[in-house]
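Just one chain is shown here, as structure tokens, and it is the form predicted alone.
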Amino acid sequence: MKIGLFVPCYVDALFPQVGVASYNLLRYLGVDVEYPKGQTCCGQPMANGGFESQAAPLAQKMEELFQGFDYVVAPSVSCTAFIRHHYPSLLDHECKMAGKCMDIVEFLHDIVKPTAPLGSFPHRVSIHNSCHGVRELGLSSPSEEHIPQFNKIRDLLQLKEGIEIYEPERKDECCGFGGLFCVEESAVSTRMGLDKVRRHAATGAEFITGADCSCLMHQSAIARKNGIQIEFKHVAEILAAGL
């Protein structure tokens, strides 16, 4: 099984440590992983802004770059969801990448299935359930559906010894980032983010974690601006810590 690691552009530019942690974690778990050079944006910002014609060439480039891999793994639920659900409509031929692209949480949980402890992380952590992860990738059970509760992020975090795991009130309500939404409706976005951070902080957590850096970035800026003392780490960083 050969894995191609896709590191989205905003992770590469703003959170390179998340890409490094993802690579190191996969290697530690015995995964044959490679980081193909020449990666670019997946095209999500263009398509979300209504410029699908500009996203199509990027989708084609990604399709060609990752064609030799069994799975494409990314530390980003929004980019993964975009590739999986929208690439087939952007390309004028069968899209193979859409069927083999997985977020790192679902890949570890569903494919690798680690069971041995992954070191320790003796801290209180609150899980942020990003909208794309919950409702497009199935990383956790949507609160509006009457189905058995599950959370793949929680399952993986429980492999860290000494960790205390929490979820905030209204656990899968949007944090307000929403890509272009946070620009076009900045006041509403900011208030949603502040409400979310306050609910996370109310759990007593030292860290907020999740599977999408964009949501964590949004909340981190709001926390700093409002003097809320809490740290932010992508779930891959916590899982890779100390390995």
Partner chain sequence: MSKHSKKAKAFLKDAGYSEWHDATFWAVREKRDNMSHGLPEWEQLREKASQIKLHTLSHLDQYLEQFASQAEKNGTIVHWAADAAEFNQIVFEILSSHGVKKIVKSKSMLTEECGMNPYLESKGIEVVETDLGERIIQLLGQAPSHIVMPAVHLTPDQVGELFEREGISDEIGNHDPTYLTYRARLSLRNEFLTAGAGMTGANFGIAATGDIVVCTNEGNADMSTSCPKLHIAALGLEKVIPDYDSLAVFQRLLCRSATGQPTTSYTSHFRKARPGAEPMHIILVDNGRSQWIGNQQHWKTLKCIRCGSCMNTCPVYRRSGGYSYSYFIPGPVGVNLGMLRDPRAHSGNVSACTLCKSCQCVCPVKIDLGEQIYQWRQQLPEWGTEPASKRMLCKGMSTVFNHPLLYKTATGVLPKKPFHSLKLDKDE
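Numbering follows the first chain given and starts at 1. From a predicted model like this one, the values you see are computed outputs, not experimental measurements.
Just so it is clear, the following notes concern the form predicted in complex with its partner chain, a form of the same protein that is not shown.
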Q. Can Gln39 be called a contact residue for its partner chain in the model of the complex at 4.5 Å between heavy atoms?
A. yes
(Q) in the model of the complex, is there a heavy atom of its partner chain that lies within 4.5 Å of any heavy atom of Arg124, even though the partner is absent here? (A) no
(Q) Given that its partner chain is not shown alongside this chain, does Gly176 nevertheless sit within 4.5 Å of it in the model of the complex, heavy atom to heavy atom? (A) yes
Q | in the model of the complex, His86 touching its partner chain (heavy atom, 4.5 Å) | A | yes
Q.
Using a 4.5 Å heavy atom cut-off, which residue among Met217, Ala201, Ala47, Leu29 comes into contact with its partner chain in the model of the complex?
A. Ala47
**Q.** Contact check for Cys9, Pro57 and Phe181 against its partner chain in the model of the complex, heavy atom at 4.5 Å
**A.** yes
**Q.** Residues in 1-29 with any heavy atom within 4.5 Å of its partner chain in the model of the complex
**A.** Leu5, Val7, Cys9, Asp12, Ala13, Leu14, Pro16, Gln17, Gly19, Val20, Tyr23, Arg27
